[in-house]
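One chain is shown next in structure tokens, namely the form predicted alone.
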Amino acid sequence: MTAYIIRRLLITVPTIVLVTVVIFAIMRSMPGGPAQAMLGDQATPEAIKAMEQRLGLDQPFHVQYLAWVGNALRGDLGRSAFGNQPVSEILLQRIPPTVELAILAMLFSVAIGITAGVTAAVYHNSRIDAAASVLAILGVSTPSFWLGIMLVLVFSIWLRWLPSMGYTNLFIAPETNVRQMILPSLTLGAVMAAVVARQTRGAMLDVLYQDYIRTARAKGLVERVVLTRHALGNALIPVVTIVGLQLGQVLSGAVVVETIFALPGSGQLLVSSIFTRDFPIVQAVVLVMALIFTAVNLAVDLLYGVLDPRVRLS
């Protein structure tokens, strides 16, 4: 297992390097350059040159890249182009709401998706299976922004059960925080739950008709034990893959959901920074999201080795 972990870590290193190069190159390839983009089309050449010197854009590409990576490794992601506030401090304030939203959405999607998928597979070709399949198709087809608006309309405006916007720190007012995060989590997790449910159903159907499942039942094992210990464990590998890949959906969907529910997270920060052309913040947010996605993919690879010994032994 140790050798398997080391191999996966060695593969992740060049991936992270490539991610940083791509992000840095994209930020430097904008028409007119980042300095003109931040100052606007009416900026004078002198003002653009001064901004480039301030941001270090007058240096060769490789010098800029190495300086940026070196500073990032020390926790220095630069300063905001307008507020002159350290970007790392801004991110520390904005990352917690996004992380909380992502965790809650993924927990919701995994719990609902796996439960619905297993139930549909066990009651294959029944009304329960048909209902679960219809709900899964609706979940995949429903845009998150429309679902969020509908949830606000029903639960906030009509029923007045839950707040429609705002964010309170979990450690300051837990009850208020939970009530504020229910609707955003449901909005972000609904599509993921539908995808997980469909994948779980297909994987369980493949496993339930295997010989070792028939043997387990023939031995007189309780059906609950057959499903949870023998069937679900072997069906989880493709499900884990989907859950890991869905993190990209979570990070991209967080931009929309945080805007709808006015959550002060990194997604809303990214949108506002794009509008204000504060590219040091845009660059830092994209980098952090990419690193989180890479780390989750690494965790999924390592989990493969735990679920299936054949993966790590190969």
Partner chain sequence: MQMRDEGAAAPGSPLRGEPVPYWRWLLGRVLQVRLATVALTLITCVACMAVFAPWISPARPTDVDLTAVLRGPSLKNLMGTDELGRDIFSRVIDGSRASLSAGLISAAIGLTVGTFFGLLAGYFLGLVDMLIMRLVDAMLAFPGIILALAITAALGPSLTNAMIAIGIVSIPTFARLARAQVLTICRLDYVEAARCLGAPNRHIIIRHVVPNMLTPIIVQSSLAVAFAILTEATLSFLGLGVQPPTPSWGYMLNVGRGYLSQAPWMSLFPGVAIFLTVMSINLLGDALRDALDPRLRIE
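Residue numbers count along the first chain shown, from 1. Source: prediction; values computed, not measured.
A second form of this protein, the form predicted together with its partner chain, is not displayed here; the remarks below concern that form.
Though only this chain appears here, would V306 touch its partner chain in the predicted bound form if you measure heavy atom gaps against 4.5 Å? So V306 does not count as contacting its partner chain.
Residue-level contact is defined here as any heavy atom of the residue lying within 4.5 Å of its partner chain in the predicted bound form; does I274 satisfy this criterion? It does: once its partner chain is placed as it appears in the predicted bound form, I274 has a heavy atom within 4.5 Å of it.
Distance check, I23 to its partner chain in the predicted bound form, heavy atom within 4.5 Å: I23: yes, in contact with its partner chain in the predicted bound form.
For T259, is any heavy atom within 4.5 Å of its partner chain in the predicted bound form, or not? Yes.
Listed residue (I172, L138, L73, L159) with a non-hydrogen atom within 4.5 angstroms of its partner chain in the predicted bound form: Comparing distances to its partner chain in the predicted bound form, the residue within 4.5 Å is L138.
Would you mind picking the one in I128, L153, V122, V178 that has a heavy atom within 4.5 Å of its partner chain in the predicted bound form? Here the answer is residue option L153.
May I ask whether M51, Q64 and N84 each come within 4.5 Å of its partner chain in the predicted bound form, counting any non-hydrogen atom? Spot residues vs its partner chain: no contact at all.
Could you tell me which stretch in 222 to 230, 112 to 120, 140 to 148, 98 to 106 has residues with non-hydrogen atoms within 4.5 Å of its partner chain in the predicted bound form? The contacting stretch is 140 to 148.
Out of 236 to 269, which residues reach within 4.5 Å of its partner chain in the predicted bound form, heavy atoms considered? If the 4.5 Å heavy-atom criterion is applied to its partner chain in the predicted bound form, 236 to 269 yields G248, L251, S252, V255, V256, T259, I260.
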